[in-house]
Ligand SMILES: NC(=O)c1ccc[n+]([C@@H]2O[C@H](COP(=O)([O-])OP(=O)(O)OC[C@H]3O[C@@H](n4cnc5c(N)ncnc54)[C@H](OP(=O)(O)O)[C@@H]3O)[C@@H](O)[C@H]2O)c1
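Here we start with a single chain on its own, the form predicted on its own, put down as structure tokens.
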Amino acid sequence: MKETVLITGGSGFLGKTLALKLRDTHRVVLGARNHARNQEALARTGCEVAPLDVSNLESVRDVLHQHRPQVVIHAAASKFVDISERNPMECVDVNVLGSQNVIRACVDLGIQDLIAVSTDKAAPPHGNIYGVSKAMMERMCGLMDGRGDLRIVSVRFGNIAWSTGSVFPIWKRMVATHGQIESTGPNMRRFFFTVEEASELVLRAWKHIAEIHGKILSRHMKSAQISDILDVWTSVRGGTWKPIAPRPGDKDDEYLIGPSEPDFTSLVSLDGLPHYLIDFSKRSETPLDGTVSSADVDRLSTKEIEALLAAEPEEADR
């Protein structure tokens, strides 16, 4: 019998990609609260779908009772910085209380493994409530690891190119509508990851959960200045761009490892690749020399930016 995996936020870009990778070897259930998106996920992946609102504990318990997963990948989130700034209660309901509900139900029902998807915005200093809410999730996961039979690991990474609501689909719609991109942060620098790289990190965390549970896993990522991506976009895909006022909550740079974290972070090798492993329960015997910021890591080359822009999924217009 195949092991059952439940993916919260399963109708999202990352959830569907994980489903496609796992469906041949596992029974995959995609849980999300938007019924229309659930039906799209069903059509795209062929996996089971379930109505699931993580902010409602009984909804989480109902789905876990019905489908009895051995593993939960918690990808559900209120993830838009500007929307979270305008609607902080909803952000906390989903990202903090929703994560609490998932953890609590997993402990109560004897789930084996939980992999929680985080973000570079969880690293200090926190510039917005979204980052604070994800930092809370990371800490809850670390402190609740080992309750009952549950093993928990968090994964932290930067922007997933072409994910729902991210800048690339927004820019595409702007160019199609009036031929010009309006950028709120051309001078900002951000970490960028493909959805393939993001899903591989989630699956690697699960593969090595016996070694790294209770911790946060990340890995080296390159960054890009937004104006550089805009210049490549207009060169390759057309249109023009202009700067506009920044959104509330945005900042110039993000951290994978923030100023208070190097003493708790080790550089480890998993599957022959270097990763950062953060363990807030104790100081590292081999701490990092300093922070890992989008300002000081390697930059994406023009060819790498072109490859990101070319990796457009079918659903990017939605």
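In this text, residue numbers run from 1 along the sequence as written. Since we're looking at a predicted model, the values are computed, not measured.
Although not depicted, the form predicted together with the ligand is the subject of the following passage.
Trainee: Hey, with the ligand in the model of the complex, do 52, 55 and 76 all fall inside the 4.5 Å heavy atom range?
Mentor: Yes, all three are in contact.
Trainee: Closest heavy atom of residue 215 to the ligand in the model of the complex, within 4.5 Å or not?
Mentor: No, residue 215 sits far enough from the ligand in the model of the complex that none of its heavy atoms falls within 4.5 Å.
Trainee: Is there a heavy atom of residue 32 no more than 4.5 Å from a heavy atom of the ligand in the model of the complex?
Mentor: Yes, residue 32 is a contact residue.
Trainee: According to a 4.5 angstroms non-hydrogen atom cut-off, is residue 117 in contact with the ligand in the model of the complex?
Mentor: Residue-level check for residue 117: yes, a contact with the ligand.
Trainee: Does any heavy atom of residue 14 come within 4.5 Å of a heavy atom of the ligand in the model of the complex?
Mentor: Yes, contact at 4.5 Å.
Trainee: Note which of 100, 225, 163, 128 lies within 4.5 Å of the ligand in the model of the complex, where distance is taken over heavy atoms; exactly one does.
Mentor: None of the other options qualify; the answer is 163.
Trainee: Ok, 158, 142, 169, 185: which has a heavy atom sitting within 4.5 Å of the ligand in the model of the complex?
Mentor: Of the candidates 158, 142, 169, 185, 158 is the one lying within 4.5 Å of the ligand in the model of the complex.
Trainee: Pick from 203 to 211, 118 to 126, 171 to 179, 232 to 240: which stretch has non-hydrogen atoms within 4.5 Å of the ligand in the model of the complex?
Mentor: The contacting stretch is 118 to 126.
Trainee: Going through 229 to 260 from first to last, which residues have a non-hydrogen atom within 4.5 Å of the ligand in the model of the complex?
Mentor: Residues within 4.5 Å: none in this stretch.
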